[in-house]
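Given next, in structure tokens, is a single chain: the form predicted on its own.
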């Protein structure tokens, strides 16, 4: 990068949102030698980060006071906007030349709007949704789909290098990263639905599900989601590593984008209906592999651990 960024505190980072992803991202940056301050609505989580050697803050504004990089790891566009411009919003407290790195999954049009508002304040905005799950976040091995100005990339580089195994630089305007993430989420949501449909169908056939898993993961019908999610079904453990409600949100965004473009997305639409049905059946906060339980309920198939109490978040 050729641009020089006036940002002498570029190695001081604030992480807003210390959930399963944000905590690991904060750990990875701290491990890389960055000075990291964490904030979360759940103060015991902040205390845990402090106990592991990080800094803690009682408010978002306190967290960003000295930060050259602010990494926002919240769920959606509404929460991102609140982090920036809400009652304790960080945009007014960030120092000139600092960069706001937005990791939430959102509609590309919203990402562009937030970027314009942030940049009007003399700050930088990097549209940087993430993929890889909590385990890779903790190892600093995420995939980041980023777009933004050259200055935003330069300012965020220390954090990006610490958090990710792969950083895809997808363009110089916000929204492109968000759009690529939505393509990923379309595939992920459909693949999980297909995997759950298949394993429940196998159960309905009376097959040995462990053997089915072994065969499929060595065959052409395998997918990353089948390989990753079906062990939850085999264990009868639906503790939420990624909840049903996440894909209701994400596939809902896909449908909104598709409708605006007059683009048919029937497979994503069908998958969304299954997630909605699972949520309506009381599984919204359970793991997204709970679609298999829904198929079992609809068909009378028997899955492992079927008589267990469902996880309560």
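Residue numbers count along the first chain shown, from 1. Keep in mind it's a predicted model, so treat the numbers as computed, not measured.
Same protein, other form: the form predicted together with another copy of the chain, not shown, and the subject of what follows.
By the criterion of a heavy atom within 4.5 Å, residue 99 is excluded from the residues contacting another copy of the chain in the predicted bound form. Interface membership of residue 270, defined by any non-hydrogen atom within 4.5 Å of another copy of the chain in the predicted bound form, is confirmed. Using a 4.5 Å cutoff between non-hydrogen atoms, residue 222 counts as a contact of another copy of the chain in the predicted bound form. When another copy of the chain is considered in the predicted bound form, residue 205 lines it closely, a heavy atom lying within 4.5 Å.
Annotated contact segment (heavy atom within 4.5 Å of another copy of the chain in the predicted bound form): 208-216, selected among 117-125, 208-216, 150-158, 80-88. Listed residues 93, 75, 241, 194 were compared with another copy of the chain in the predicted bound form; 194 is the one with a heavy atom within 4.5 Å. Contacts with another copy of the chain in the predicted bound form, taken as any heavy atom within 4.5 Å, map within 173-197 to 176, 179, 180, 183, 184, 186, 187, 188, 190, 191, 193, 194, 195, 196, 197.
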